[in-house]
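Quick heads-up: it's one chain on its own, the form predicted alone, in structure tokens.
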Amino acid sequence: MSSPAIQVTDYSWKYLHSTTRAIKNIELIVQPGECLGLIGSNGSGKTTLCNSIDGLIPGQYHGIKEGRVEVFGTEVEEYRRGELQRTVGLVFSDPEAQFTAMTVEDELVFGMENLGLSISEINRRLEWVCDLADLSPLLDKPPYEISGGQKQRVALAAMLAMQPRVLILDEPTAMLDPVSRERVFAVLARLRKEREITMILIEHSLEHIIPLADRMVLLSNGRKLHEAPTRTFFSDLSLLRQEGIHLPGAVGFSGYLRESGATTDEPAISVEEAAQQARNLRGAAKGELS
């Protein structure tokens, strides 16, 4: 049996000079090809956990580590310098933090050149990511002068061009307008259809996570409070409300129907499913009246 893509075992982390642990006794397994939605309020430990998987912790931060964080069976601290970053790609909420080149094309090619890929392979991957993220019209433009949504698609495409086995996205649409947000998530949806890639997605916009995620995890104050397959995750909404999680309208509506006893159907996680529940109730009510 193959190793999990990610295995976190009794993991805790405390930053230097902090009085409390940012992550506390986390247990987590992510299988190859799985998409995990990671949610929680600000300060819950989401970014710390993801930085630990990418090796930024403890690589670039000082602190106290307990437990293990393994990527494809190897503890992150046992990877040779730079090797883990070829396996795990991290996309931040601020795309400009990742830019190093003067044109979009150079930005997309930069990482591939560092991997030592052949010109033919670079051209093949460049064509693929340009098609995936609709970037061909932008190749000659400076990445700092394009729109916010375009910048995020460039940052995402530049990471995908290196074809990491694990992709971590830390609030990739936090700074985007609704239209740009839709385009970024359309890229991720297409990626999931075309490639088997393990993905961890941090995002406050649950309506965009839900269609992508196989499983959801809720963090609070550095601890894992709840973990379940995506539909089951929304069976009981009281904990999510208590943690201040903003629920999509369809999920909240379906939860209200279940909590009021109006339906025993499984949780609806899309507008279409919630609408069908409403139609079923209306049909049942008409039947009772007749």
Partner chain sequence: MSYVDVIDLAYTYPDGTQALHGVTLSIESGEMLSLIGQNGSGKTTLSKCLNGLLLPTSGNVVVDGHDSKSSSISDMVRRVGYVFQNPDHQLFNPTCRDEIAYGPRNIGIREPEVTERVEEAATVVGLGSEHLTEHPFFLTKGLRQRVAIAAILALRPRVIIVDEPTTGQDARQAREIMGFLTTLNREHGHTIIIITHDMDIVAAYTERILAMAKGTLIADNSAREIFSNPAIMERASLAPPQITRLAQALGDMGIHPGVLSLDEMIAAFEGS
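Numbering follows the first chain given and starts at 1. Note that this is a predicted model, so its numbers are computed, not measured.
Unshown form predicted in complex with the partner chain; subsequent notes refer to it.
- Comment: the partner chain is not present in this chain, but in the predicted bound form one of Gln31, Thr263, Ser41, Thr232 has a heavy atom within 4.5 Å of it, namely Ser41.
- Using a 4.5 Å heavy atom cutoff, Gly149, Phe253 and Ala278 all lie near the partner chain in the predicted bound form.
- At a distance threshold of 4.5 angstroms between non-hydrogen atoms, Ala274 is in contact with the partner chain in the predicted bound form.
- Glu77 falls outside the set of residues with a heavy atom inside 4.5 Å of the partner chain in the predicted bound form.
- Put simply, Ala186 is far from the partner chain in the predicted bound form: not one heavy atom of it is within 4.5 Å.
- When the partner chain is considered in the predicted bound form, Glu227 lies well away from it, no heavy atom lying within 4.5 Å.
- With the partner left out here, the partner chain still marks one of 194-202, 166-174, 68-76, 123-131 in the predicted bound form; by a 4.5 Å heavy atom cut-off that stretch is 166-174.
- Along 94-118, these residues reach a heavy atom to within 4.5 Å of the partner chain in the predicted bound form: Asp94, Glu96.
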